[in-house]
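Okay, here we've got a single chain as C-alpha cells, the form predicted on its own, with questions on binding and movement later.
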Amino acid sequence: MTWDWSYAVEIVPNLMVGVWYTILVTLASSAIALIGGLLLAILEIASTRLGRTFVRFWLELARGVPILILLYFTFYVLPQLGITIPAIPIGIGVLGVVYAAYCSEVYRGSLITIPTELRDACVALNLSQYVTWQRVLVPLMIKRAVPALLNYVLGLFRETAMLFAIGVPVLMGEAQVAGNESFRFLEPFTLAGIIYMAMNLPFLYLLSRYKDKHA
C-alpha cells in the first residue's frame, strides 16, 4: 500500500477533532488524578487504621484491575443495573481514579523524604495539624513529587487512546474510524502516531526544564 497524500489531507480535520477530545480528557483526568491522589495520600497518612485500610483497598483495586476492564464494566455492565453514564465522563472518571491511585503513592513517597525534624519544628511552634499540612507538608510534598507526577500525566495522556473502545472520539478513535471507512490504515495511524509524538513534546519539555532547574 502506497501513501496517498490527498487522502491524508482529507482526514486531517477529523483527526484534529480527536486531538481536541484527547486534550479535554487528559486535562480533566489529570485534574482528578492529581487532586484525588493528594487527598488519598493525606487520608491514608492522617486517618485511623480503619481509614487507612479502606484507602489501601481502593488503591489496590484501582491499580490491580486493567483500565480496559474498568471501562467496559462501567460502560456495558452498569446500564444493566440501571445506571447509565455517557462515554466521555466514564473515560475521564476511570482514568482519573486509576491514576489518582498511582499519584497518591508518589505523594506518599515524597512525604517520607521530608525530614522528621521539620514536623518536630511545627509541633514546637504549636502549629495545628491543619496549618502544618496546609502550609508546610503539602507544598513540600507537591514540590518533591512534580517530576514523577509529570511522568504519570504523560502516561495518562497515552492511555486516552484506549477510550476509543467505548466510543469516545479521541485521536485513536478518529484514526480507527477513518481506517474502517476507507479500508486504508496507513495514513490515519501514521498521522495519529506523529500527532501523539508531537503532543508528547510539551510534557517532555516541562519535565526537562524542571529537572534542570532543580538539578
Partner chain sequence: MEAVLEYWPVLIQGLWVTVWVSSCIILGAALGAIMLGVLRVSRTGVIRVLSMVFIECIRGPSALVLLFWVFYALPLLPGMPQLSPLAAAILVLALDGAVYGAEIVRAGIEAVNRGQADACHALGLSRFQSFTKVVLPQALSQIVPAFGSLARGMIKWTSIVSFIGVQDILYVANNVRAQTFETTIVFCLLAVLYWILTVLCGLVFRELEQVLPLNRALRAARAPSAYAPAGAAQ
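Numbering follows the first chain given and starts at 1. Since we're looking at a predicted model, the values are computed, not measured.
Missing here is the form predicted in complex with its partner chain; even so, the following discussion is about that form.
Heavy atoms of Pro147 never reach within 4.5 Å of its partner chain in the predicted bound form, leaving it off the interface. With a 4.5 Å cutoff on heavy atoms, Trp133 does not count as touching its partner chain in the predicted bound form; it lies far away.
Although the partner is absent from this view, Tyr196 contacts its partner chain in the predicted bound form, with a non-hydrogen atom inside 4.5 angstroms. Contact annotation: Glu60 falls within 4.5 Å of its partner chain in the predicted bound form, judged by heavy atom distances. Contact with its partner chain in the predicted bound form, defined as a heavy atom within 4.5 Å, is made by all three of Gly64, Arg158 and Phe164. The stretch in contact with its partner chain in the predicted bound form, judged by heavy atoms within 4.5 Å, is 71-79, chosen from 89-97, 71-79, 111-119, 125-133. Only one of Leu38, Ala178, Met172, Val168 comes within 4.5 Å of its partner chain in the predicted bound form through a heavy atom, and that residue is Met172.
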